[in-house]
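As a starting point, one isolated chain is supplied in structure tokens, in the form predicted on its own.
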């Protein structure tokens, strides 16, 4: 069986994909990878469908052994990575030979790192997805000793890389008005946009708390709202005026007023922001948001065109002297050059 055998693994490592849809009315959100862009990047590097299941790693990864030759790609939060002790470049694809050991972690930048395999992980499907939904108890975290099956790999190319994205150190996040945005006074909305928030350590796959200096944010007229449908990206303002950005495993209903909703294409920036990193929110109109989202989806779908051959840094090649470093040289004084 094609598989990767888990020798060691960090906490919170789980199989994810793009999540399951169609269950909101039953109280189940989509779930899936916290950084959906990273899933598309891995698919582009391996030239396979983004629907393939991957391994999501938080803070650190683990040690994995290939039971056959396996193509892999490493995306998302940059982590240290070695194949049999040799450094493996992040945001790139590699071949892990049969019996080789892949070691991943800890994180250098960002929060969620991803390990992709050619053919995708083929763990059990639950309600149409292999994604682990920790909040609802669907699936289980990966443990040492697990053997994760891999599907048929229809590709054979590795050694590709993608340009590094800027989403791993916070930044500006675009939001559109939500159900209760107008319940917040104009000066409160302006102050919200002008505030520099810091990601709080109290965060998980359900939501992320945002800290800031100064007074909190409130909408007195919205205190009487009843629980209603909410979605990932909604920014709820709790009773003490603190914003929480809802993430992939958010609940499906909520009663806190929402000051805005993060564009889906910008949620990876929120997910990947390390603890303490700065984030700012910028309102765009619904029409502008729709156009931005459409362009982002098109760019994600075209990522394969942005891949390029991976050029290895000689400093990272442990067996550098085994390579033919100079070839094709001829002597300008060789007698054969004078012939004919």
Partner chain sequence: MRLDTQYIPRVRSVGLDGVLVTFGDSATDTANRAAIAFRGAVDAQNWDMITESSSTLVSAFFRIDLSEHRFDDIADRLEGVLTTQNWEAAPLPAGRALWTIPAVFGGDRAPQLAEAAEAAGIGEADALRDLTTARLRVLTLGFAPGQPYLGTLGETWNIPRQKELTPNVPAGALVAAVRQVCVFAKDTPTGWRHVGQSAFSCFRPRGDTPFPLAPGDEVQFTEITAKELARIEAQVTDGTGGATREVLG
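It should be emphasised that the depicted structure is a prediction, and the values quoted were computed from it without experimental measurement. Positions refer to the first chain, counted from 1.
One more form of this protein should be noted, the form predicted together with its partner chain, which is absent from this view; the next part is about it.
Not one of 7, 142 and 248 comes within 4.5 Å of its partner chain in the predicted complex, counting any heavy atom.
The stretch that touches its partner chain in the predicted complex, counting heavy atoms within 4.5 Å, is 121 to 129, out of 193 to 201, 211 to 219, 144 to 152, 121 to 129.
Scanning 171, 241, 177, 106 against its partner chain in the predicted complex with a 4.5 Å heavy atom cut-off leaves one residue, 177. Contact with its partner chain in the predicted complex, defined as a heavy atom within 4.5 Å, holds for exactly one of 188, 252, 157, 80, namely 252. Among residues of the shown chain, residue 299 is not one whose heavy atoms approach its partner chain to within 4.5 Å in the predicted complex. With a 4.5 Å cutoff on heavy atoms, residue 293 counts as touching its partner chain in the predicted complex.
Although the partner is absent from this view, residue 261 contacts its partner chain in the predicted complex, with a non-hydrogen atom inside 4.5 angstroms. Although the partner is absent from this view, residue 27 contacts its partner chain in the predicted complex, with a non-hydrogen atom inside 4.5 angstroms.
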